[in-house]
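Taking the form predicted on its own, here's one chain by itself in structure tokens.
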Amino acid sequence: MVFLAPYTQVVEELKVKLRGMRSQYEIESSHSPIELVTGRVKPVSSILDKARRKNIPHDQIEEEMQDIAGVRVVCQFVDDIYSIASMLRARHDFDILEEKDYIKNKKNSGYRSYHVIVRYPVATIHGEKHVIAEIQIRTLAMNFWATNEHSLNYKYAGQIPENIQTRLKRAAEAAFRLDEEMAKIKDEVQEAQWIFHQYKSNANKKGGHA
């Protein structure tokens, strides 16, 4: 659909740039706060369904709906989330419109994540177009929980049974406790990863000379 073409371009460009940031850390042999980058454009059916639920007029969808283009950045530690948010603020290739901290202010469902809403300039055959996109930053544990919660929301059309909601909230707290415990041994984990990275790098060099 022509309407979605600029959003697809935004997602692809943001993924390239964020993965490029991750590669720079690897080249410098330092810990990258970025573990994984994915992205998607919301399907037309989902866009229309959300517009209907939120009473958004069709001619205001592009301005009112912030997550048509979505990029997800997954990291290992909670501290990494704020490091990534800081790096995004330092960039000059898009404007940040809003930041939503659902880690310090979790949702009632137990959802935790950090959202950065950006206005991104896209070069099209009709000239430059500014597109709103959402960048979600979360830990591996938060992402695991959110992925399962999303599936359940889809299954139950947003009306998850109360007993399952209760279990989801418990799981969200368990996931956050895991993040908190891992934060306490962050330095040990990163040192171990650096040692392993050096071992692999040396092994590849030896293999290349064989």
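Residue indices: 1-based, along the sequence shown. Values in this document were obtained by computation on a predicted structure and should not be read as measured data.
Heads up, the form predicted together with a further copy of the same chain isn't pictured, but that's what we're talking about next.
The partner is absent here; in the model of the complex, the one residue of N55, T147, Q60, Q159 having a heavy atom within 4.5 Å of a further copy of the same chain is T147. a further copy of the same chain in the model of the complex comes within 4.5 Å of a heavy atom belonging to E28. Although the partner is absent from this view, D49 stays clear of a further copy of the same chain in the model of the complex, with no non-hydrogen atom inside 4.5 angstroms. When a further copy of the same chain is considered in the model of the complex, E35 lines it closely, a heavy atom lying within 4.5 Å. Residue contact with a further copy of the same chain in the model of the complex: F77 places a heavy atom within 4.5 Å of it. Along 127-153, these residues reach a heavy atom to within 4.5 Å of a further copy of the same chain in the model of the complex: E128, L140, A141, F144, W145, T147, N148, S151, L152.
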